[in-house]
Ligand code: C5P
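Below you will find one chain, with nothing else, as structure tokens; this is the form predicted alone, and questions on how it binds or moves follow later.
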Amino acid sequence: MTADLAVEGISRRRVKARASGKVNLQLSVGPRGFDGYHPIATVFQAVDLYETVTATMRADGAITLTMDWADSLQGGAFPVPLDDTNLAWRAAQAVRDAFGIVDGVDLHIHKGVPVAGGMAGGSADAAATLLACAELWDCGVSRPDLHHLAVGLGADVPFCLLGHTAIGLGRGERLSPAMTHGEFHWVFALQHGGLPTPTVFERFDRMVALGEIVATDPVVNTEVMAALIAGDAGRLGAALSNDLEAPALDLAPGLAAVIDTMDDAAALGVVVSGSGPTIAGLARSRQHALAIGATITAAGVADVVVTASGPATGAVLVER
């Protein structure tokens, strides 16, 4: 699954991979542990908004990173670091460290998942980069090997590698595929201003300490699982939940207007996506998702609106 590029007389191998963004159908958060982390129980669903990573071999051992954006996200592009703090850069280095690789790589990311929106765009970059670099450098790597590397990069990276629909426990890295039937259609209302995940968790802890919300040991919602097995979008919409929604709304009260607008447009269910500020609405069909999106745009309560369907694939190689 590699291509050879003739650049200045030198043959350069190239691999392209992509991974999906996600929405949390359920996100239950427990009290912060002594290690500083919160245990969670979540149900992930991958949606067909993709991060595409092109990895091109270089012989000097350097890692470089460039990026462009899908047309649907233009105007809402947050500054993204292009150095060793970027998850994709770290993913390439993780493959090199794990398999003793000395070659370098030029990484180019085409972003189709909103940034700073609780939809795991950066984690999808990392998952696609793990797969692309392992193929580029002929590491002979297995999916369990990649999963192990993904766990070391971030809580959402293992799911972005797996894709489809899955239960996540622990910090989200302990995954079990979930049985689903049918297709689910989503509309996502995006904001130019982000909500940093650590800030949302800090507000969650504060609200727990004040008794404004209760944090209990997280468990998977059986109603969500039953709705997925039945392929019943209406039932799933009624079961959507996110324990981070209250702190996200406390930090960004304007998001309530987005939720109200989606409710007025007859969304089957509305929930904050991850730690926000993106709001996800479940629709009856693709056409209904587009209609909800048009209502949101007309109301002027979101900066960007995109629609997507799930479940979608995890990290896959796309260039042969």
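Sequential numbering from 1, following the sequence displayed. Note that the coordinates shown come from a computational prediction; the quantities given were computed from them, not determined experimentally.
Absent from the display: the form predicted together with cytidine-5'-monophosphate. The rest refers to it.
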Determine whether any heavy atom of residue 93 comes within 4.5 Å of a heavy atom of cytidine-5'-monophosphate in the predicted complex, and answer yes or no. no
Please tell me whether any heavy atom belonging to residue 255 falls inside 4.5 Å of a heavy atom of cytidine-5'-monophosphate, as the geometry stands in the predicted complex. no
May I ask you to state whether residue 58 is within 4.5 Å of cytidine-5'-monophosphate in the predicted complex, using heavy atom distances? no
Should residue 99 be counted as a contact of cytidine-5'-monophosphate in the predicted complex, where contact means heavy atoms within 4.5 Å? no
Okay, which stretch from 175-183, 212-220, 232-240, 148-156 lines cytidine-5'-monophosphate in the predicted complex, with non-hydrogen atoms inside 4.5 Å? 148-156
Partner-free chain; cross-checking cytidine-5'-monophosphate in the predicted complex, the single residue of 65, 289, 40, 265 with a heavy atom within 4.5 Å is 40
Residue by residue through 194-212, tell me which have a non-hydrogen atom within 4.5 angstroms of cytidine-5'-monophosphate in the predicted complex. 197, 198, 201
